[in-house]
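For reference, the chain that follows is the form predicted alone, supplied as structure tokens.
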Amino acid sequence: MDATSEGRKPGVVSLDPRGRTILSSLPPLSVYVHVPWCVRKCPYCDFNSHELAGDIPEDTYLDALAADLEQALPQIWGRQVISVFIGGGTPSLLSERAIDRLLALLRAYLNLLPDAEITLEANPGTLEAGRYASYAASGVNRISLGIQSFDDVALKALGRIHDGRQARAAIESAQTAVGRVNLDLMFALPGQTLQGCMDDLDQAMSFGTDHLSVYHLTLEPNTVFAKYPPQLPDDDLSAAMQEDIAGRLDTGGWKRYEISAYAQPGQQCRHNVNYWEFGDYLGIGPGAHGKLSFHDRILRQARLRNPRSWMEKAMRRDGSHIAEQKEIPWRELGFEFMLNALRLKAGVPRTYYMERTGQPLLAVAGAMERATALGLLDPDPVALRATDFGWRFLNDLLAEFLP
């Protein structure tokens, strides 16, 4: 049976002889909303965030957000939305009224599932405890807190505006307001010892939240830390930190399901999992990125990064607020898919490859054979999954799929 005849089976994609993407069904859809402002730009941050100069122009921002969403509707018309992630920047700088209006806007325009996961990022030190309850009343059902550390010296070195006491208070307030809370932690911090790293982790675990995201501090280009690098733990020490973190969390019941994500059973972040499973996501707001599938193509989009420019051009309603829109080339789909899917510890079903790229698995058969021979890819006939060795050296595994 050749790829074309196989494609005639119900629910399976076909291989177009001219190299076009042909999808028989569309993947799940999520929505990302970007709030670009923060109190102070952290020296390690390379996100599209901008220090506040006065008050947030909430009404202008929300009007532009509505205009952005209205213009995107024809591309997602009729599709159900499984999750919403409000990220930044610091979304918790928005008032209760603004968050309520934002969520009302999304419900008015989108086909949100009744049990859609709605996450809001928040930073300790940017809001009083009562706001968490207001956010929950508006529809937020998951809060992601940028804790990073509980150590005051480390927090100061990272340029954070909160201290350990505020971090602990924020966690307790968030847990009172919503049922699901994620904590972001960082390790391999300036001057950090192994014991200091474990002390941070123990404090995070003591709250019993359902999800922990643990990131290695990296010196990203075009950041203050890249220009003026701090003294960081060496590779051996940071590797020991990562190994001890994984072991301690596993013992405590948090299973590592993605490179930097640990969750209690059934509490994985549905929004991020949809990214990694090569699902679709509409990104709205300044600098937001998106991936949208159609039956004959898959597009990537990026909005203008500058908040003022994005707001002005979104209100024109002529598409000028979109900085880039391009179709993912046929030859790059294999790498794009694997770049996401192989981040997941359990991988993804092999059927996802055909369903979400429009290509038969035969298109990457050579790369899969090489990766399997090198011990990087699991030969499992049902799932596409890295071996433990391949997960450890993920860049080497992904290099096999480069076009």
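Sequential numbering from 1, following the sequence displayed. Note that the coordinates shown come from a computational prediction; the quantities given were computed from them, not determined experimentally.
There is another form of the same protein, the form predicted together with a small molecule; it is not shown, and what comes next is about it.
J.: Do all of L23, N340 and P360 end up near the small molecule in the predicted complex, with near meaning a heavy atom within 4.5 Å?
T.: Not a single residue of the candidate spot has a heavy atom within 4.5 Å of the small molecule in the predicted complex.
J.: Is there a non-hydrogen atom of L217 within 4.5 angstroms of a non-hydrogen atom of the small molecule in the predicted complex?
T.: So L217 counts as contacting the small molecule.
J.: Using a 4.5 Å heavy atom cut-off, state whether S293 contacts the small molecule in the predicted complex.
T.: Contact with the small molecule, no.
J.: Verify the contact flag for Y352: yes if a non-hydrogen atom of it lies within 4.5 Å of a non-hydrogen atom of the small molecule in the predicted complex, no if not.
T.: Looking in the predicted complex, residue contacts with the small molecule do not include Y352, since no heavy atom lies within 4.5 Å.
J.: Any chance Y44 has a heavy atom within 4.5 Å of the small molecule in the predicted complex?
T.: Contact check for Y44: yes, within 4.5 Å of the small molecule in the predicted complex.
J.: Select from the listed residues D210, E258, E96, E121 the one whose heavy atoms reach within 4.5 Å of the small molecule in the predicted complex.
T.: Residue within 4.5 Å of the partner: E121.
J.: Of E277, D184, E117, D100, which one comes within 4.5 Å of the small molecule in the predicted complex, counting heavy atoms only?
T.: Comparing distances to the small molecule in the predicted complex, the residue within 4.5 Å is D184.
J.: Which one of these stretches, 172 to 180, 317 to 325, 196 to 204, 81 to 89, sits within 4.5 Å of the small molecule in the predicted complex when only heavy atoms are counted?
T.: Among the listed stretches, the partner-contacting one is 81 to 89.
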